[in-house]
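Next comes just one chain, in C-alpha cells: the form predicted alone.
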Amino acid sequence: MTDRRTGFLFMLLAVLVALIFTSLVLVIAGASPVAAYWYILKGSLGSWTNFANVMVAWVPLLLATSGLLITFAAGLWNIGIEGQIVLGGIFTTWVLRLLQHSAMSPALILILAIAAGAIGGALWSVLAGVLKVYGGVNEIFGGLGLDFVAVALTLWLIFGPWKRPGIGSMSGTEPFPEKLWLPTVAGSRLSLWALLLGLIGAAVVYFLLSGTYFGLKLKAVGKNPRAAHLLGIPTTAYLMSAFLLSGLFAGLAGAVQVTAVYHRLIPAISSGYGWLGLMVSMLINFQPAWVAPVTLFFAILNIGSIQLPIVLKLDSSLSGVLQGALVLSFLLMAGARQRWQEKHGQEVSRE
C-alpha cells in the first residue's frame, strides 16, 4: 500500500471517528445528528447572507493561521497569537481615533490604521520572542502571559481612556464613522478588501515557506537549531523573524476585526481566532497548501452552528466539540499511522 493511499485512509478514518463522537454527543443531548449537520450546512451556505458571514469569519482566521505556520516552521509554539490579534485591534483603534477628525482622506486613514495594526501585532510577538531568545522563557508560558496582559489592556482602554461618553460599556468603544469602515458588498457585512488581504496573506506565507531560501532555512532551524547554527544559519535572527512575521499577520487579523467587522474595539476583539488557528495548524500538519480550504471549513462550522440554538435548542458551542474532535482524531490517527508505518517497515526489512 502506497504512503499516499495510507495517508488518505487514515484521514478518512479520523473524520469518521470525529463524526461518530459528535453524533454520540448529539444523541445524548436529545437531537438528531443528521438534522444538526443539515442545519449547520444550511446556516452557513443556505443563502448569500450566510455565505457572506462565512467569508467574514474566514478572513481573520485565515490570516492568524497563516502567521502561525511561520512560527511552527521555526519549531515555535506561538501561543501568544490571541494577544497579538488583540494588540492589532488596539493599534488600529488608536490610529483611527487619532485621525478620524483630521483632513486626511478616509482611504489613507484606513491604510495607516491597518498598517498600525500589523505593527502592533508584530511588536507584541517580538516581545514574546525576546523573552524566549534572550530571557530563556518558554514561548508557551511567555505567550500565555502576554495574552492575559493584552486582554487586561483592552478592558482598561474600553472602560478607561477610550470609554463611551459618560460610561464604559462591554459593547466596546464608540463606533467609528461609516467613512472609516472598509467598504462592504451591498446587503452584507463582507468586505472584498478584507477578503483580498486574507488571500494575499495566505499566498505570501505559502510562497515564503515553499519557494524561498528563507523558508528552507527557517525549517532547518525548526528541525535542529544546533545543526542549523553549525551550518552558518543565524538561528537567533531567524527565530525573531518568525515571531515578527507571525505577529504581523495576527495584527492584520485584529485590524480587519476593527475596520471590517465590529468598527470599534470590543473586549473579545480576537473572537478566539488565535486558539482556533492553533487547532487548524495542527490539523493540517503545518502544511501551508491546506490552510485556505481547512480554515474555510472551520469558518463554515462557526457560522452554521448559530442555527443550533435557534432551531434545535442546542448550544452553538457544539461546533467547538466537532472542531476539537476533528483535531484530536487527526492527531490520534497521525500517531497510529506512524506506528503502522514503523511496524510495516520492520516487517519488510525482516523479509
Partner chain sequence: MSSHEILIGLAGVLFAAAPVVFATIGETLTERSGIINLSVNGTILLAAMASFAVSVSTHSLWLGFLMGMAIGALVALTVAFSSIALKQSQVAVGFVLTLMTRDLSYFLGNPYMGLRGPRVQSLPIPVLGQIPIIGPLFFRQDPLTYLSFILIGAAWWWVFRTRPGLTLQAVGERPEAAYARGAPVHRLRYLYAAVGGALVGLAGPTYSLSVKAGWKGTISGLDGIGWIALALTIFGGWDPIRGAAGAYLFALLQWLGLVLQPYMPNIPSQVLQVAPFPLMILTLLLVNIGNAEWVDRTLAGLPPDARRWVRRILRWMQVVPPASLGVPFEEE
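Positions refer to the first chain, counted from 1. It should be emphasised that the depicted structure is a prediction, and the values quoted were computed from it without experimental measurement.
What follows is about the form predicted together with the partner chain, which we do not show.
- Residues within 4.5 angstroms of the partner chain in the model of the complex, judged by any non-hydrogen atom, belong to 271-279 and to none of the other stretches in 243-251, 205-213, 271-279, 83-91.
- For the residues L192, V137, L99, I111, the 4.5 Å heavy atom test against the partner chain in the model of the complex is passed only by V137.
- Residue-level contacts in the model of the complex: of I233, L123, V185, V149, one residue has a heavy atom within 4.5 Å of the partner chain, and it is V149.
- Put simply, G145 is close to the partner chain in the model of the complex: some heavy atom of it is within 4.5 Å.
- Residue contact with the partner chain in the model of the complex: A336 places a heavy atom within 4.5 Å of it.
- Remark: L328 counts among the residues lining the partner chain in the model of the complex, judged by a heavy atom distance of 4.5 Å or less.
- Proximity of A29 to the partner chain in the model of the complex falls within the 4.5 Å heavy atom cutoff.
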